[in-house]
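Only one chain is shown below, in structure tokens, and it's the form predicted alone.
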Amino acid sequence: MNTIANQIAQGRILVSDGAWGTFLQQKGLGAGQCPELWNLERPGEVLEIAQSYILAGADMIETNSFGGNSFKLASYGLSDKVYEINKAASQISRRAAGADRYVLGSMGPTGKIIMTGEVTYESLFEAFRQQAVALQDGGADALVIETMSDIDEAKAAISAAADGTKCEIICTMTFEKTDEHAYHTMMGVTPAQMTEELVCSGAAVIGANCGNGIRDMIGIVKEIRSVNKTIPVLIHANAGAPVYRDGQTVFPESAEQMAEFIGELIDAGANIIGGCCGTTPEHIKRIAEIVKSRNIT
């Protein structure tokens, strides 16, 4: 297939998928259980999630591998299954995507921080490289390094993915809003700093995921565009700010409420739009309808 970046260069807006973690919880994933182990033990239910987003109109589907690096899997006693789990994750999403939709191998943070001395750059690099190779071998077209807050970890993951695979590399960070116009990650990285450093590191697509509902993502995209007018931008917004209700964390924004801001997000400069926590196939279906109308015009 044509690369994602090339599709965007041709003027297309693309639709990504929605939440995985909250969807797995709805299917019975319990607290303290390893989501990625479902790729081996309950692959049919993982496949159902992937298929639901493809049927909703997504142009690309992620893999159930967000915590599939060796550091995260070690906490479940599964560090020896990194390759098996990640390859299976890609194979499942590949089956759902078919030949004409993209598979994005999901790579989340390790939970380790270089500057504190608890981990070295080299060990992070090797962990991400191991995961990236497995995701590519399972059929991933691109790797989405996501929910990053530490710029050094993000760059280690990008370098590892580039070294070990031929996959297109996407990297998104998670920003908090400090006031009406300011955003930064937990480690103090701004959208502008992210843009400059990740583009130089070799990311083909950058952006933001989690942490914000769709309205606040507009400001993040505008800041990205203030320093780079051309880099493709991916946005995976939450379905609003989480609310604790009846003993559960709920993301309250409906598909229609989210849809109200899609046009403005596109006008700000977003090229790929999907969802993060709390979003469902219904959210993605509504996004796809709006994007389709914009692509036609």
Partner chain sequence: MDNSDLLAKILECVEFGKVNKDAPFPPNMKGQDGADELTKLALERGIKPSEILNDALIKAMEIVGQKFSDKKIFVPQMLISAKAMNASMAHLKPYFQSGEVKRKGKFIIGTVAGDLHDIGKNLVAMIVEGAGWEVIDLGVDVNSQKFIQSIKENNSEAVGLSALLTTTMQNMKSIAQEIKAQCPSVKLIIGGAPVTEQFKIEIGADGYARDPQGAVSYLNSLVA
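Worth saying up front: this structure is predicted, and the values here are computed from it rather than measured. Positions refer to the first chain, counted from 1.
The protein also exists as the form predicted in complex with its partner chain; that form is not presented, and the subsequent description refers to it.
S.K.: Of these, 181-189, 78-86, 167-175, 129-137, which stretch puts a heavy atom within 4.5 angstroms of its partner chain in the predicted bound form?
M.R.: Selected range: 181-189.
S.K.: Should C200 be classed as touching its partner chain in the predicted bound form when contacts are defined as heavy atoms within 4.5 Å?
M.R.: Residue-level check for C200: no, no contact with its partner chain.
S.K.: Is T116 close to its partner chain in the predicted bound form, meaning a heavy atom pair under 4.5 Å apart or at it?
M.R.: Yes, T116 lies within 4.5 Å of its partner chain in the predicted bound form.
S.K.: Examine Q26 and determine whether its closest non-hydrogen atom to its partner chain in the predicted bound form is within 4.5 angstroms.
M.R.: No, no contact at 4.5 Å.
S.K.: According to a 4.5 angstroms non-hydrogen atom cut-off, is T230 in contact with its partner chain in the predicted bound form?
M.R.: So T230 does not count as contacting its partner chain.
S.K.: From first to last in sequence, which residues of 21-48 have any non-hydrogen atom within 4.5 angstroms of its partner chain in the predicted bound form?
M.R.: Read in sequence order, the lone residue that approaches its partner chain (within 4.5 Å, in the predicted bound form) is A31.
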